[in-house]
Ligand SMILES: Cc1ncc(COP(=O)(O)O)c(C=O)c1O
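Shown next as structure tokens: one chain only, the form predicted alone.
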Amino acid sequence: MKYDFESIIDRKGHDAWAIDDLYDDPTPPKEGWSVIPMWVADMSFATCPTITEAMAERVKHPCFGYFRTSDEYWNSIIDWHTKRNGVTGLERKHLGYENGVLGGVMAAVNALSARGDSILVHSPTYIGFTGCLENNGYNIVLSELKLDENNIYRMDYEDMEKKIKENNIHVCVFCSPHNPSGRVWEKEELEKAMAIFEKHHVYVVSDEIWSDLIRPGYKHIPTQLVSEYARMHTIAQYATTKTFNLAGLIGSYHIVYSKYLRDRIDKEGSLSHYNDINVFSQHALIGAYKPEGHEWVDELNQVLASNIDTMKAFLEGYGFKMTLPQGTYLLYVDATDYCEKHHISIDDLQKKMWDYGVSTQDGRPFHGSCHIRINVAIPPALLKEACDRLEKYVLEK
């Protein structure tokens, strides 16, 4: 490969929430065991070199005062979506900035709803949606994804329509690709969902932050492309932060084709008077969306697919159940059978993993009754080390 996804980088003491927060835990792993970060959704890979090069070039100039977002920034976004997602007709006026995708989601929801309104969300559910919607005073109505005969998560269209009618819902917070299940929605699935939304005049706030992290052989379909209703009634949120591991730089953007929606969302997003891009985030995106960024992401997706296959096969050997993620770098693992067989709780299992430094994320806040969310965006050698620890010290046949 052209890019390095194998080096194990020491992130301790370098402002890494994924690592430093764990070492500050009052109950650390057993003595002698380092932490392997497989919980919060960031990656343990060095980012694309053109990003750090672009930032370093900007650092050479010693002034960092107020600035105007450059045309190169907006044109880079348009070029990325044109080449990556087959988008046509995207113009500067359709784009807007937010400090983060969740902030953008809430700006959209607040612009379209009143506190106390019911909002449709699929379950399992990204915990960021749950926290933000509840904190802003909305009633979350869950429509559960169902596993089909091929162990693939599917939307339950009848349940969605029933919930929309019963709860007088006019906004759905959508996730594409879906976190935590890893589903990459097919065009026909999006069309069916949009037909229901159009029938009941539901606006869609679509978090598409994972849209670049797609398993080879699958294709992200932007929600706004599936129909004219989708184009004019969807607020799509994107960012470089997941794709290139830039969450610490802050920065996301939306695509909104309807002028009416743009005006409302821009007003809502402006109310804090502190929702502006910083200069390094601007140059990082420009560096990310260069031709080398396309190459880097393509190689990354190959590494992620291999890591997913390795971890999935390993865990299935012990009786855990999970679907094959078509996108993201997350495994949403059902530990029910394993825990019942060995007469332990999900808390006991995760504590034992943590004792040996394998840090995963509790799946219950995502609405999984006995689930674990596992991030495999780590160097293959570190993934092997995690499996070795689990095999020798944690799991039983």
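One-based numbering along the sequence shown. Since this is a predicted model, take the numbers as computed values, not measurements.
Separately, the form predicted together with this ligand exists; it is not shown, and the next lines address it.
Colleague: Counting only non-hydrogen atoms, which stretch in 263 to 271, 76 to 84, 173 to 181, 304 to 312 is within 4.5 Å of this ligand in the model of the complex?
Modeller: Looking at the partner contacts, the answer comes out as 173 to 181.
Colleague: With this ligand left out of view, which of Trp210, Trp185, Phe197, Trp296 would have a heavy atom within 4.5 Å of it in the model of the complex?
Modeller: If I apply the 4.5 Å criterion carefully, the residue I get is Trp210.
Colleague: Among Asn110, Ser118, Thr241, Asn275, which has at least one heavy atom within 4.5 Å of this ligand in the model of the complex?
Modeller: Only one option qualifies, and that one is Thr241.
Colleague: May I ask you to check whether Tyr126 falls inside a 4.5 Å heavy atom distance of this ligand in the model of the complex?
Modeller: Taking the distances in the model of the complex, the answer for Tyr126 is yes, it comes within 4.5 Å of this ligand.
Colleague: Does Gly96 make contact with this ligand in the model of the complex, using a 4.5 Å heavy atom cut-off?
Modeller: No, Gly96 sits far enough from this ligand in the model of the complex that none of its heavy atoms falls within 4.5 Å.
Colleague: Mark Val202 yes when one of its heavy atoms lies within 4.5 Å of a heavy atom of this ligand in the model of the complex, and no otherwise.
Modeller: So Val202 does not count as contacting this ligand.
Colleague: Using 4.5 Å between non-hydrogen atoms, is Ile221 touching this ligand in the model of the complex?
Modeller: Ile221 lies outside the contact set for this ligand.
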